[in-house]
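Take a look at this single chain in C-alpha coordinates; it is the form predicted alone.
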(Lines give C-alpha, C1' and ligand atoms only; values in the text may rest on other atoms or scores of the structure.)
Protein backbone atom coordinates (compact mmCIF):
# COMPACT_ATOMS: atom_id res chain seq x y z
CA UNK A 1 0.00 0.00 0.00
CA UNK A 2 1.16 3.52 -0.81
CA UNK A 3 0.83 6.91 0.86
CA UNK A 4 1.53 10.08 -1.11
CA UNK A 5 2.33 13.19 0.91
CA UNK A 6 1.96 16.64 -0.61
CA UNK A 7 5.05 18.31 0.82
CA UNK A 8 8.37 19.67 -0.40
CA UNK A 9 9.68 20.17 3.15
CA UNK A 10 12.48 17.65 3.63
CA UNK A 11 12.40 18.03 7.41
CA UNK A 12 8.70 17.19 7.60
CA UNK A 13 9.05 14.30 5.18
CA UNK A 14 11.89 12.83 7.24
CA UNK A 15 9.74 12.96 10.38
CA UNK A 16 6.82 11.32 8.59
CA UNK A 17 8.99 8.53 7.24
CA UNK A 18 10.51 7.83 10.65
CA UNK A 19 7.04 7.40 12.12
CA UNK A 20 5.61 5.30 9.31
CA UNK A 21 8.71 3.10 9.05
CA UNK A 22 8.44 2.35 12.76
CA UNK A 23 4.69 1.85 13.03
CA UNK A 24 3.72 0.60 9.54
CA UNK A 25 6.79 -0.88 7.81
CA UNK A 26 4.60 -2.36 5.04
CA UNK A 27 3.56 1.11 3.92
CA UNK A 28 5.49 2.77 1.09
CA UNK A 29 5.72 6.54 1.52
CA UNK A 30 6.19 8.96 -1.37
CA UNK A 31 6.14 12.74 -1.70
CA UNK A 32 5.57 15.28 -4.44
CA UNK A 33 9.28 15.07 -5.24
CA UNK A 34 8.51 11.65 -6.71
CA UNK A 35 6.09 13.24 -9.19
CA UNK A 36 8.00 15.40 -11.71
CA UNK A 37 4.72 16.74 -13.12
CA UNK A 38 3.36 17.81 -9.73
CA UNK A 39 2.82 21.54 -9.35
CA UNK A 40 2.42 22.72 -5.77
CA UNK A 41 -0.73 24.83 -5.39
CA UNK A 42 -0.63 28.25 -3.70
CA UNK A 43 -1.24 27.94 0.03
CA UNK A 44 -3.75 30.78 0.21
CA UNK A 45 -6.07 29.39 2.88
CA UNK A 46 -6.96 31.29 6.03
CA UNK A 47 -6.37 28.38 8.41
CA UNK A 48 -4.11 25.35 8.79
CA UNK A 49 -7.08 23.19 7.78
CA UNK A 50 -7.62 25.21 4.59
CA UNK A 51 -4.01 24.81 3.52
CA UNK A 52 -3.85 21.12 4.45
CA UNK A 53 -6.96 20.47 2.34
CA UNK A 54 -5.53 22.44 -0.61
CA UNK A 55 -2.42 20.27 -0.54
CA UNK A 56 -4.32 17.02 -0.12
CA UNK A 57 -6.69 17.79 -2.98
CA UNK A 58 -3.80 18.63 -5.30
CA UNK A 59 -2.19 15.29 -4.57
CA UNK A 60 -5.51 13.44 -4.83
CA UNK A 61 -5.88 14.80 -8.37
CA UNK A 62 -2.55 13.14 -9.23
CA UNK A 63 -3.07 9.92 -7.26
CA UNK A 64 -6.84 9.33 -7.07
CA UNK A 65 -6.64 5.64 -6.17
CA UNK A 66 -4.12 5.95 -3.33
CA UNK A 67 -3.99 7.24 0.22
CA UNK A 68 -2.92 10.90 0.02
CA UNK A 69 -2.09 13.43 2.72
CA UNK A 70 -1.79 17.18 2.99
CA UNK A 71 -0.49 18.76 6.17
CA UNK A 72 -0.05 22.30 7.40
CA UNK A 73 1.56 23.27 10.67
CA UNK A 74 3.08 26.25 12.37
CA UNK A 75 3.96 28.13 15.51
CA UNK A 76 1.54 30.35 17.41
CA UNK A 77 3.03 32.78 19.94
CA UNK A 78 0.57 34.23 22.47
CA UNK A 79 2.26 37.63 22.80
CA UNK A 80 2.24 38.07 19.01
CA UNK A 81 -1.50 37.47 18.69
CA UNK A 82 -0.81 33.88 17.61
CA UNK A 83 1.59 34.87 14.85
CA UNK A 84 3.37 33.61 12.84
CA UNK A 85 0.66 30.92 12.55
CA UNK A 86 -0.04 29.91 8.96
CA UNK A 87 2.77 32.25 7.89
CA UNK A 88 5.40 30.38 9.92
CA UNK A 89 7.43 29.21 6.93
CA UNK A 90 7.56 32.71 5.41
CA UNK A 91 7.36 34.94 8.48
CA UNK A 92 10.43 36.98 7.45
CA UNK A 93 9.56 36.92 3.75
CA UNK A 94 8.52 34.59 0.90
CA UNK A 95 11.91 32.90 0.66
CA UNK A 96 13.13 33.38 4.24
CA UNK A 97 15.46 30.84 5.81
CA UNK A 98 14.79 29.19 9.16
CA UNK A 99 17.37 31.45 10.83
CA UNK A 100 15.75 34.57 9.35
CA UNK A 101 12.32 33.52 10.57
CA UNK A 102 13.65 32.84 14.06
CA UNK A 103 15.51 36.14 14.14
CA UNK A 104 12.36 38.08 13.26
CA UNK A 105 10.28 36.25 15.86
CA UNK A 106 12.85 36.88 18.59
CA UNK A 107 13.05 40.55 17.60
CA UNK A 108 9.26 40.93 17.71
CA UNK A 109 9.22 39.47 21.21
CA UNK A 110 12.17 41.60 22.33
CA UNK A 111 10.39 44.86 21.51
CA UNK A 112 7.47 43.78 23.67
CA UNK A 113 8.82 44.37 27.17
CA UNK A 114 8.01 41.54 29.58
CA UNK A 115 6.02 39.75 26.89
CA UNK A 116 4.65 36.33 27.81
CA UNK A 117 6.70 33.79 25.86
CA UNK A 118 4.04 31.08 25.85
CA UNK A 119 3.63 29.36 22.48
CA UNK A 120 2.39 26.22 20.80
CA UNK A 121 2.99 24.22 17.65
CA UNK A 122 -0.14 23.13 15.79
CA UNK A 123 -0.47 20.51 13.06
CA UNK A 124 -3.56 19.87 10.95
CA UNK A 125 -3.65 16.94 8.56
CA UNK A 126 -6.15 16.15 5.81
CA UNK A 127 -6.11 12.65 4.35
CA UNK A 128 -8.09 11.21 1.44
CA UNK A 129 -8.61 7.45 1.29
CA UNK A 130 -8.49 5.59 -2.05
CA UNK A 131 -12.30 5.84 -2.14
CA UNK A 132 -12.25 9.61 -1.58
CA UNK A 133 -13.21 9.71 2.11
CA UNK A 134 -11.79 12.80 3.84
CA UNK A 135 -10.20 12.36 7.26
CA UNK A 136 -8.82 15.05 9.55
CA UNK A 137 -6.24 14.78 12.33
CA UNK A 138 -4.88 17.47 14.67
CA UNK A 139 -1.87 17.60 16.98
CA UNK A 140 -0.57 20.22 19.40
CA UNK A 141 2.63 20.77 21.40
CA UNK A 142 2.63 23.48 24.06
CA UNK A 143 5.73 25.27 25.23
CA UNK A 144 7.54 28.60 25.29
CA UNK A 145 10.05 30.60 23.25
CA UNK A 146 13.68 30.73 24.38
CA UNK A 147 15.69 33.94 24.07
CA UNK A 148 18.46 32.38 21.96
CA UNK A 149 18.58 29.33 19.66
CA UNK A 150 19.98 26.09 21.07
CA UNK A 151 20.61 22.76 19.37
CA UNK A 152 21.48 21.48 15.91
CA UNK A 153 18.75 18.89 15.30
CA UNK A 154 15.38 19.61 13.78
CA UNK A 155 14.33 22.50 11.55
CA UNK A 156 12.14 25.58 11.51
CA UNK A 157 11.67 27.09 14.96
CA UNK A 158 12.90 23.98 16.82
CA UNK A 159 16.04 25.70 18.24
CA UNK A 160 13.97 28.31 20.11
CA UNK A 161 11.00 26.18 21.17
CA UNK A 162 11.06 24.72 24.69
CA UNK A 163 8.31 22.12 25.22
CA UNK A 164 6.44 22.29 28.51
CA UNK A 165 8.15 20.13 31.15
CA UNK A 166 11.47 19.98 29.28
CA UNK A 167 14.80 21.72 29.87
CA UNK A 168 15.99 21.35 26.28
CA UNK A 169 14.71 22.83 23.03
CA UNK A 170 13.24 20.67 20.28
CA UNK A 171 16.51 21.04 18.38
CA UNK A 172 18.36 19.60 21.37
CA UNK A 173 15.82 16.85 22.08
CA UNK A 174 15.95 15.63 18.49
CA UNK A 175 14.07 12.92 16.58
CA UNK A 176 13.63 10.55 19.53
CA UNK A 177 11.46 13.13 21.30
CA UNK A 178 9.70 14.45 18.23
CA UNK A 179 8.56 11.04 16.96
CA UNK A 180 6.75 10.53 20.26
CA UNK A 181 5.60 13.94 21.42
CA UNK A 182 5.61 16.57 18.68
CA UNK A 183 2.46 18.12 17.27
CA UNK A 184 3.13 16.36 13.97
CA UNK A 185 3.73 13.02 15.65
CA UNK A 186 0.46 13.25 17.58
CA UNK A 187 -1.57 13.89 14.42
CA UNK A 188 0.33 11.23 12.47
CA UNK A 189 -0.10 8.58 15.16
CA UNK A 190 -3.87 9.16 15.09
CA UNK A 191 -3.79 8.62 11.34
CA UNK A 192 -1.68 5.48 11.74
CA UNK A 193 -4.34 3.93 13.96
CA UNK A 194 -6.87 4.46 11.16
CA UNK A 195 -4.52 3.40 8.40
CA UNK A 196 -3.28 0.34 10.27
CA UNK A 197 -6.65 -1.36 9.99
CA UNK A 198 -6.28 -1.28 6.19
CA UNK A 199 -2.80 -2.77 6.12
CA UNK A 200 -1.61 -6.23 6.99
CA UNK A 201 1.56 -5.66 8.99
CA UNK A 202 3.96 -8.66 9.21
CA UNK A 203 5.07 -9.83 12.64
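Residue numbers count along the first chain shown, from 1. All values reported here derive from a predicted model rather than from experimental measurement.
Although not depicted, the form predicted in complex with a small molecule is the subject of the following passage.
- The small molecule in the model of the complex comes within 4.5 Å of no heavy atom belonging to residue 50.
- Heavy atoms of residue 106 never reach within 4.5 Å of the small molecule in the model of the complex, leaving it off the interface.
- At a distance threshold of 4.5 angstroms between non-hydrogen atoms, residue 156 is in contact with the small molecule in the model of the complex.
- The small molecule in the model of the complex comes within 4.5 Å of a heavy atom belonging to residue 15.
- Note that among 157-165, 58-66, 144-152, 23-31, the stretch whose heavy atoms approach the small molecule to within 4.5 Å in the model of the complex is 157-165.
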